[in-house]
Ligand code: HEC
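Just one chain is shown here, as structure tokens, and it is the form predicted on its own.
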């Protein structure tokens, strides 16, 4: 009887592990901004935005006086580089420690900063759809493959007003996150452009 129970338990454990492996293998992976270069205007806007320069904000030599003052006011060492701090890298890089994403071992340039996939989801699957169907794919098809369009508040809040950051509303109310207001800030990301094709 004990052997039968153990056999059943091991079988269920094996099925659970197999399902978990399939789920992880089936999830889209991060591929970086290189595949987004067809969206030239958006990429240019993004590169000049605070999201595009998010990794620079972790480097003392690249921070502005205003950023250094804010860090000092919150008791942080503003003379220190934070580009190896995993709590910071989770929001200042793309897909940190996720399949295909930025890591201390995989620090490809097109994963630096809060890139396209931080707002629009890991792109390995829907980029294939974009390539195969060009302008004829539907939003529903892209969403089924992991694309988030338009970005939503839940996605933004993974980083903004996050408890792992000292820049949150608990530290100072001015760091509170207002999703609707942030959508209108042109310096934060790329401008909103109308879709050229009916998706």
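Numbering follows the first chain given and starts at 1. On a predicted model such as this, the values are computed, not experimentally measured, just so you know.
Missing here is the form predicted in complex with this ligand; even so, the following discussion is about that form.
In the model of the complex, none of the heavy atoms of residue 79 sits within 4.5 Å of a heavy atom of this ligand. Contact between residue 158 and this ligand in the model of the complex is found at the 4.5 Å heavy atom cutoff. Among heavy atoms of residue 42, some come within 4.5 Å of this ligand in the model of the complex. Mapping the unseen interface onto this chain, residue 151 counts among the residues with a heavy atom inside 4.5 Å of this ligand in the model of the complex.
Contact annotation for 94-120: residues with any non-hydrogen atom within 4.5 angstroms of this ligand in the model of the complex are 114, 115, 116, 118, 119, 120, listed in sequence order.
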